[in-house]
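Only one chain is shown below, in structure tokens, and it's the form predicted on its own.
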């Protein structure tokens, strides 16, 4: 890896403090950072280099951290004081970065409000910090990438005024998880699965992200976004593309992203008249989570009393291509649910002939492939075998991959993605057409829900969501799969 300079806009904010600096520190602990990498924090506070280093020293002191590594990491930190909205700050930033003490390879990380992405990129372009004169330039932005299709297109136009698509890294930390990438290996490195991975054998696919937590102080942002924008449009649609995509020509970034876009383009559009048959929303009410009484969404600080923002979404999508036609993909996310878990559940069809109808087996349970992403990474296959004893009875046996459990030495998703930025690998970052097509999937739903402001279903906190969401299933024998340990629940 080449030496580079990591410039963090919003260095004194929550994202930098909670995610970015710890991720960079742990990469340094693992010996994965280039020796000459330096971090320049851009912020309004009246701090010096020493002030910021003292903050980092305090953050990483103790907790088993090696003082020598903490010292080494803090020596990488520099602070540049400025207001990102003031144009006259950027010539000074350019001169500061080109003064000789920093690598000419620059990463600009936007740990700021999405409304400021275009403004900062414009200012960087005006002082030619986007130009690759003597070193490369990379611009990293966090989701949300727009608020709807129209705003996403506007943001993209603004970014492309000054940065090429190859310079832009739209980061989705979900795609850095080991098991998410394992989906690619699981699908394309195992020939025995390929003949089964289609509409002839798979009954349906579920992609679930449940959270036991509520808004956790983010009500101001969350009430303007909601679960459909926050989770479905980005994370869960990306997972859907990995499960459903065709084998790419190669594992280079463009080939991977081409196949993901083909999936998004093949999703059957949802007309406004069919939204209620394909999407269901709800909001958590008071209840118990892990034995503790918690308040409802409308009682959270900062939430308007008449809010109909959804904290739960269930969505049914159909992919109109040769492989997946008429196979439902069910996407579901919710806050204040019984447990926090993320899982892809693939249910296979029942055998076409009921060989066992004259035996004590009433009906065979279906086969499942389960890809659990968090909190425990695991790949599981469920099959039917004969129970011990003289009777012909079936029971479910589970085959778990050795990755089940937690690997403490593994880089977390954020760290892995930051390494990819430093290395210039776009594979797990979103190209604009991916973002655009994902917005086209959810935009009709958002527009209809924006007009329905009088009522929203509720579900008790600590439950698995509202039972009314079951109406999305196309057959009575389909049920939500919540956890690895569930049979059909």
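Positions refer to the first chain, counted from 1. Note that the coordinates shown come from a computational prediction; the quantities given were computed from them, not determined experimentally.
One more form of this protein should be noted, the form predicted together with 6-O-phosphono-beta-D-glucopyranose, which is absent from this view; the next part is about it.
Undergrad: Indicate whether the candidate residues 174, 218 and 335 are all in contact with 6-O-phosphono-beta-D-glucopyranose in the model of the complex, with contact defined as any heavy atom within 4.5 Å.
TA: Affirmative, all three are within 4.5 Å.
Undergrad: Just one of 300, 230, 377, 162 has a heavy atom within 4.5 angstroms of 6-O-phosphono-beta-D-glucopyranose in the model of the complex, so which one?
TA: Filtering the options by heavy-atom distance leaves 230.
Undergrad: Quick one: from 211, 126, 400, 223, grab the residue that has a heavy atom within 4.5 Å of 6-O-phosphono-beta-D-glucopyranose in the model of the complex.
TA: That would be 211.
Undergrad: Determine which one of 301-309, 96-104, 166-174, 74-82 lies within 4.5 Å of 6-O-phosphono-beta-D-glucopyranose in the model of the complex, judging by heavy atom distances; exactly one does.
TA: Stretch 166-174 is the one.
Undergrad: Just to confirm, residue 119 within 4.5 Å of 6-O-phosphono-beta-D-glucopyranose in the model of the complex by heavy atoms?
TA: Because no heavy atom of residue 119 falls inside 4.5 Å of 6-O-phosphono-beta-D-glucopyranose in the model of the complex, the answer is no.
Undergrad: Is there a non-hydrogen atom of residue 143 within 4.5 angstroms of a non-hydrogen atom of 6-O-phosphono-beta-D-glucopyranose in the model of the complex?
TA: Yes - in the model of the complex, heavy atoms of residue 143 and 6-O-phosphono-beta-D-glucopyranose come within 4.5 Å of each other.
Undergrad: Please determine whether residue 204 contacts 6-O-phosphono-beta-D-glucopyranose in the model of the complex, using a 4.5 Å cut-off between heavy atoms.
TA: Flag for residue 204 set to no.
Undergrad: Do residue 137 and 6-O-phosphono-beta-D-glucopyranose come within 4.5 Å of each other in the model of the complex, heavy atoms counted?
TA: Although 6-O-phosphono-beta-D-glucopyranose is absent here, residue 137 would stay clear of it in the model of the complex, with no heavy atoms inside 4.5 Å.
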